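First comes one chain, alone, set out as structure tokens in the form predicted alone.
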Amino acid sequence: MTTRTYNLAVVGYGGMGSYHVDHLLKSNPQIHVKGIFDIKQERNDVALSKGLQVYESLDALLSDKSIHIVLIATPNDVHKEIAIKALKAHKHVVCEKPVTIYARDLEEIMTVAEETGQVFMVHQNRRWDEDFLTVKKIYNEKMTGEIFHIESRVHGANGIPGDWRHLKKNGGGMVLDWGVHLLDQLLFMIHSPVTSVYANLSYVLGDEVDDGFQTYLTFANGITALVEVGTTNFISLPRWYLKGTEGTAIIEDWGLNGKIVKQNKDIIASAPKPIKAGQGLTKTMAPPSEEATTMVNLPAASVLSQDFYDNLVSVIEGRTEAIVKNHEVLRVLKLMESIFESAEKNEVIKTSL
């Protein structure tokens, strides 16, 4: 059987657009990057130097009948307009995250995709992160018993990156930039509705958009989660911290430094001895006796069935379903809207997401 090749064009050849071309698409033999459209001449010059065609306008790109797939990697506020135009031009569309600023905009895109019969997929690439897939394995296989609390964080000390990410009109801020990843990971892993949301946003850098946030989520199955993004942290807290009924797991960073400490259920351990803590003694906060627990290494990460672009081609050809489904992305957008609402009102938002 002949393997079909798909021509792809990039709209927005900045950091993420060029990353797709230079790294993510290199490994897929069925997708050929033909050209780009960008409003900045310096980016067009780079594309030309790499042998890519540069289109003079978005309409020129969309009128090219040889283009099968359009990748959108522009500022967030114009994703919807470009996506709808591309779908109506009978192109399959890949969109960078966050797909839109508001849930209702994604719903419009989904309607057009259904009407045109074109594939629309959002590049929620952090589902493939090894640290997350390690956590997912610990969770699915109950390696610390039934997990009842999860903490997911990313910390940096470089402030908000770039230019447009500082602006509200462009969909800037850390909830939309990094929150969309961490929330998507949790909802992809935990198959239970979110019943309540509480959040606070940080504006310590003086931007009109958040430079970080904390949100506390409660799921219908009883799991609680603390999600935190910070850009003013000169000391980072662990990337992941998981509490289960039979142990605790920690992953310090993307380098997968971490461990699992498990309770030895079959051993009757001696009672912990009181320790001196500050100006007093405590037995409650004393470490467990040596025979009470066992430390084990983190497991090898679970693996998703395909990488993003292999999955895209399979979906286009009708051979499988999307790993990143649009209704899942819509759920994340609605959750982020609840986070903004909670922070604005300073109250817990009840949901059924």
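Sequential numbering from 1, following the sequence displayed. Computed from a prediction, not measured in an experiment: that's the story for all the values here.
The protein also exists as the form predicted together with a small molecule; that form is not presented, and the subsequent description refers to it.
With the small molecule omitted here, the record of contacts in the predicted complex names 175 to 183 of 246 to 254, 198 to 206, 175 to 183, 266 to 274, defined by a heavy atom within 4.5 Å. Residue in contact with the small molecule in the predicted complex (any heavy atom within 4.5 Å), chosen from H166, R153, K85, H123: H123. Put simply, D64 is far from the small molecule in the predicted complex: not one heavy atom of it is within 4.5 Å. The small molecule is not drawn, but in the predicted complex it has a heavy atom within 4.5 Å of I39.
Of the heavy atoms in G212, none are within 4.5 Å of the small molecule in the predicted complex.
Remark: A9 does not count among the residues lining the small molecule in the predicted complex, judged by a heavy atom distance of 4.5 Å or less.
The candidate spot formed by P193, R331 and M336 is out of contact with the small molecule in the predicted complex: none of the three has a heavy atom within 4.5 Å.
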